[in-house]
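Here's a solo chain for you in structure tokens, the form predicted on its own.
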């Protein structure tokens, strides 16, 4: 019994290594290359620990960290969908749902169901925990774009309005960080990193 369970767990562990191959649009803060989705997930999980004091009441920090570590695993099958790519975002939900079925289905039933429930909660963003996790997921690329003098914003001609729309979940997921993120965006516009 245990050997089959362990075999499934190891299969999953090896499969998720593929997340390191999924490149995001976001550049590393030194601008040297694009980050991969595994690096992104690690970074925002650490952000949850460091910024825990800004989490809204009712946030379960451990659950938020777990969500952040697994939220992008579906990109192994679905790929990273650039948040400002309207065309690719049309099929994103279907592609990611299918990926979640396959990937979490590799695990023993109890673990697969538990991780899938966390992933679904993150996607729904209806709990304080999921909203906090989603807020951090939106904040991190803004910080990277500021540090790279507009990085991906410049490459793709992204405007302030589009970034404000993208970071809107911060207002509810980490309200104490909303003024901070607005200042970063305003400063980025003033510096010419982000188009009006």
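From a predicted model like this one, the values you see are computed outputs, not experimental measurements. Positions refer to the first chain, counted from 1.
Omitted here: the form predicted in complex with another copy of the chain. The next part is about that form.
Another copy of the chain in the predicted bound form is not approached by residue 74, whose heavy atoms all lie more than 4.5 angstroms from it. Among residues of the shown chain, residue 185 is not one whose heavy atoms approach another copy of the chain to within 4.5 Å in the predicted bound form. Looking at residue 43, you'd find a heavy atom of it within 4.5 angstroms of another copy of the chain in the predicted bound form. For residue 28, a non-hydrogen atom is located within 4.5 Å of another copy of the chain in the predicted bound form, even though that partner is not displayed. Considering another copy of the chain in the predicted bound form, the lone stretch of 50 to 58, 150 to 158, 123 to 131, 165 to 173 in range is 50 to 58 [heavy atom distance within 4.5 Å]. Contact with another copy of the chain in the predicted bound form, defined as a heavy atom within 4.5 Å, is made by all three of 12, 32 and 65. Along 132 to 166, these residues reach a heavy atom to within 4.5 Å of another copy of the chain in the predicted bound form: 140, 143, 144, 147.
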